[in-house]
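Just the one chain here, laid out as structure tokens, in the form predicted alone.
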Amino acid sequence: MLILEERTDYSNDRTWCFWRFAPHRFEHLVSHAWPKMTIRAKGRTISVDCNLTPYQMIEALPFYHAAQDAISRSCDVELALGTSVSGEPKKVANGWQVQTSRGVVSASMIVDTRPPRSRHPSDATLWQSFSGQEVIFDKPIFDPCVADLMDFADPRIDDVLFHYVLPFTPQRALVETTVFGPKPVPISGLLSAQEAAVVRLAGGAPFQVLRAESGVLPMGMIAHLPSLGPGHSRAGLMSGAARPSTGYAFQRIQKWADEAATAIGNGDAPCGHQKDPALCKAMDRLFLRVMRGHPGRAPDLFMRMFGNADPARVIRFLSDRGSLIDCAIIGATLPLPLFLGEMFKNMADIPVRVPQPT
């Protein structure tokens, strides 16, 4: 197996977070876990006890190093750094060929995780854009047992903005500004809100920025690029790796990786990401449309979910583990007229094809 990687090296460029429901193979890479969370909006704070399913974080660099170490000990896997792929794979008699910066590579099957070269706002219902900084403050500020999952301190009119604070010690934390909007927001468009959030937390005290991270995630892809044929599959964020309504992807990607590895081990072609259950998909799609059409209502929606339903149900739902009862109870916490209005509006927007006489 050959892994083609365009980057030449790895850095601590991102973090992955998720709720822990059971022991997993990455326990040794978890850098911090939070047994409590808060959601804040309009001067109100909801505290969530998630001790039974703590919120865990894995930093990119230890994960990359562990993956590279596993690859180096394998006789069946090769990692080719600094290797770019141009164009789409081509079907040939014995499989597939791809044009790379190191020449033509042939394979019986291909998993393509590359995002499209061009990205259009209409590709997704919403886009999650974020910019974060790991910061050390000169004075103790945080409770390292409590993560601020969403702090809607800066209300907006045209999109949804909140701050996300993961404290590691009383003085060190990852502070992140996230925007849900109809189009991707460049880092430059997030800097002022991010800097203001850090300054506000510092309260006039000095601080030092250790590193930065940023990214853009699709929320509710309108359509996925199709497979090119048997033996070819697509994966990654632009192919269904992330939960549409949240952007959480780590656990979904690991589940897909296990399934793909099993398929390859059995001599079968690896599959793409599984489609979400119909009910979950419909709820996500409607929720995203409501946030897109009524961004000012978003803080209230999240406060309703966490404040009026058992947080354990909400966490299961956000982690792709929700039952039908979980979905029903969470749905009942939300304002019915707002969602019905958006649903009927969506139905009205669907074009009706009138058969032409023959």
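The first residue of the sequence shown is number 1, and the count goes up from there. The model shown is predicted, which means the values in this text are computed figures rather than measured ones.
One more form of this protein should be noted, the form predicted together with a small molecule, which is absent from this view; the next part is about it.
- At a distance of at most 4.5 angstroms from the small molecule in the predicted bound form, all three residues P115, S214 and Y248 contribute at least one non-hydrogen atom.
- Residue-level contacts in the predicted bound form: of S227, T83, Q133, T125, one residue has a heavy atom within 4.5 Å of the small molecule, and it is T83.
- Residues within 4.5 angstroms of the small molecule in the predicted bound form, judged by any non-hydrogen atom, belong to 249-257 and to none of the other stretches in 249-257, 133-141, 146-154, 282-290.
- The shortest heavy atom separation between M109 and the small molecule in the predicted bound form exceeds 4.5 Å.
- The closest heavy atom approach of C17 to the small molecule in the predicted bound form falls within 4.5 Å.
- Although the partner is absent here, L237 lies within 4.5 Å of the small molecule in the predicted bound form, judged by heavy atoms.
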